[in-house]
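Okay, here we've got a single chain as structure tokens, the form predicted on its own, with questions on binding and movement later.
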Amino acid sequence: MSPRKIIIDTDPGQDDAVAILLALASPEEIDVLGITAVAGNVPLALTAKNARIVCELAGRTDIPVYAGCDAPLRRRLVTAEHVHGKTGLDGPSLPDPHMALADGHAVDFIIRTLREHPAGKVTLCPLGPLTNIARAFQDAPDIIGRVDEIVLMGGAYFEVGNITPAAEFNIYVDPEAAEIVFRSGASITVMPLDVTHKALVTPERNDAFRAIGTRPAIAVAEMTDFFERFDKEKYGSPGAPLHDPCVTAYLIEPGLFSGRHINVEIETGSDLTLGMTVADWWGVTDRPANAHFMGDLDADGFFALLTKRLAWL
């Protein structure tokens, strides 16, 4: 079977970086056509820089990185330096990238790529706010039907919010973009906090990363050393959840995850619950299902996969 062609849309972020590394370490299953940066965890200048840093860390300077939208569709940008540090990749000491950004805008790259490939052959993997994807769908509605699947990290149901009491960060930053994507009719698989909070990097799991001894694996361990302080203090958990790598792990071993095909709507009008993913987990409405909403994962299997693949870089 040929590898799955994907575009990674991202706002790195330590966990985004791990997700990218896992994808680049898995060429038999995943063919990364390009990486598109969006403003989110940190402003666009840093997310576009961080994506290139990660590509160089993996020795994959052949992957084009495009800069995309620097602000949400209708709102001011909210960032998360309080979690990820001022660079977004605080923790390891990583050099500035030598590779240049690819010419052109990320939205144009997404549109062009979906048009150039046969329908149903390109998967979109958003790891941050959905601004780039929504803009592409607005500018070129014809591409929606050409998307194989959107596998995204965002939202929550049982775990409620992590940036407000009701909303997960990626959806909250640009709820209007999320609404466009979830109402697009594209096939969507969602990795919400309900799943990602179970992908906890315990000290033993982080020691396993560090023991690999390669530069990428040590960098991942150092990222997690920094990243985990926030979640340990906030949740009292033994380590940090690796949110975004759940997306790439699903592409490699979907059997690690389980969920339900349900209706998911995005709250865009309420000051109290702005950005909430209103997930009809129990099927109490007659709204049609529009997303495969994950609820659980095999955490040991997830970390076994991630550790094995990091050793391949």
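The numbering used is simple: start at 1 and walk along the sequence shown. Remember, predicted model here, so these are calculated numbers, not experimental data.
The same protein also has a form predicted together with ligand RIB, omitted here; what follows describes it.
- The chain is drawn here without ligand RIB; in the predicted complex, the stretch among 161-169, 140-148, 103-111, 212-220 whose residues come within 4.5 Å of it by any heavy atom is 161-169.
- In the predicted complex, ligand RIB lies within 4.5 Å of some heavy atom of residue 41.
- At the 4.5 Å threshold, heavy atoms of residue 193 reach ligand RIB in the predicted complex.
- Taking non-hydrogen atoms only, residue 153 approaches ligand RIB to within 4.5 angstroms in the predicted complex.
- When ligand RIB is considered in the predicted complex, residue 127 lines it closely, a heavy atom lying within 4.5 Å.
- The partner is not shown here, but in the predicted complex the stretch 81-111 reaches within 4.5 angstroms of ligand RIB through a heavy atom at 84 alone.
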